[in-house]
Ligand SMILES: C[S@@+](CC[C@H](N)C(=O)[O-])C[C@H]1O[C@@H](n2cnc3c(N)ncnc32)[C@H](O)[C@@H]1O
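Take a look at this one chain, the form predicted alone, written out in C-alpha cells.
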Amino acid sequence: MVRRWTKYFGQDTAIKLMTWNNSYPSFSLRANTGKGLTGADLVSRLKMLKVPHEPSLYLDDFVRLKTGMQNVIQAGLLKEGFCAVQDESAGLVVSIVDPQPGENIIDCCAAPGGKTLFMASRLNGQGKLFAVDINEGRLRILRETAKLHQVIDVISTIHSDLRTFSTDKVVEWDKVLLDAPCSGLGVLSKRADLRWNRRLEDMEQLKHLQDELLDSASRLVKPGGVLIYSTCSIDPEENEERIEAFLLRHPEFYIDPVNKYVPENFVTNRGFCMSNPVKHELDGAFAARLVRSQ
C-alpha cells in the first residue's frame, strides 16, 4: 500500500494520507429531505443536543461532526429517520447522478443503500428507482430504511447478480449508477481493518470484477442516457484506468465532465470527480459520468 501511494502520489502526500488514516475520523450527517427536512432543521436539533458540528463546505443538507455521534444515536435521530450517516464524498456521487423527478434510475450494487436513499429523496415522489444487489439480507435492510425515510414509494428492490440481470433485461434506464465493489482504500480512517486484509491479488480480482460490472451496467443505459461509475478508492487502477479501458471497449460512450455537478476543486483534468482525504478532509472517492450516444 505504502509503495503504491508513494508511486502514485509522491512521498509527502503518502505520509499525509497515512497520518489521516491513523487519526480519529469525522462523520457527516445528511438531513432527510425525503421527509421535508433541511440542513437548518438538522442544525437546530444538534444545537438542542449540544453536539458540536459544522455545516458541509460542499453540500446543502450535510453537517459534519467530530464528536457527539453517540448523543445523536441516543436521541433517536437515526432511528426516527430524521437524518442518515453519510460521508460527503458519497453525497458528491449523488450530485453527479443528478436525479430529477420523473426519471427512471437503477442503482446496480445498491445495498446497504446510502446513495439509493439520497437519490430517492431527490425524486420528490416522482419517477422510479430500482435497487439491485446480490445480497438479499442487505436489500431487506434497505427497504426498511426506505420506509423509515418515507421514500419507499419510488424504490423497487431486485435481488440479483447484475451480470445475470443485465443479460435478461432489455429495459433501458435514464440513469445507471454503478457504485462498484472496490478495495476501499479511500476509507481506511473508518475501516482500519482493511489495511491488514488487502492483498495485491485482491486488486487484480477487483479490477476484473469492475470491468465485468461496467460492461453489464452499460447494457442498461438508454441511448442518450447516463452511466455513473463510482468507487470509495483512491487507486488509479480501480478508477481512471477502468474508465479508459471501458471506453476502448465501448466507443458508444463518452465522458461528460462533472464540473457542472460538483465544486471545481474535486474535478480532475479528465473531467472525473476525485475526493482526496488530504486535500478535502473527506473520504477518498472517485466518480465518472459517461453518456451513451443517441
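Note that residue numbering begins at 1 and tracks the sequence as displayed. Quick caveat, the model's predicted, so the values are computed rather than measured.
A second form of this protein, the form predicted in complex with the ligand, is not displayed here; the remarks below concern that form.
Placed here by superposing the C-alphas around the site, the ligand (as posed in the model of the complex) stays clear of every backbone and C-beta atom by more than 2.4 Å: open pocket. Although the partner is absent here, Gly114 is a contact residue: one of its heavy atoms lies within 4.5 angstroms of the ligand in the model of the complex. Contact between Pro181 and the ligand in the model of the complex is found at the 4.5 Å heavy atom cutoff. Remark: Asp133 counts among the residues lining the ligand in the model of the complex, judged by a heavy atom distance of 4.5 Å or less. The ligand in the model of the complex comes within 4.5 Å of no heavy atom belonging to Val72. Interface residue among Cys83, Ile155, Val221, Cys108 relative to the ligand in the model of the complex, by the heavy atom within 4.5 Å criterion: Cys108. Note on the partner interface in the model of the complex: the residue among Arg138, Lys147, Arg195, Lys190 having a heavy atom within 4.5 angstroms of the ligand is Arg138. Remark: of stretches 147-155, 114-122, 95-103, 73-81, the one touching the ligand in the model of the complex is 114-122 (heavy atom within 4.5 Å).
In the model of the complex, the ligand lies within 4.5 angstroms of at least one heavy atom of each of the following residues of 139-166: Ser160, Asp161, Leu162, Arg163, in sequence order.
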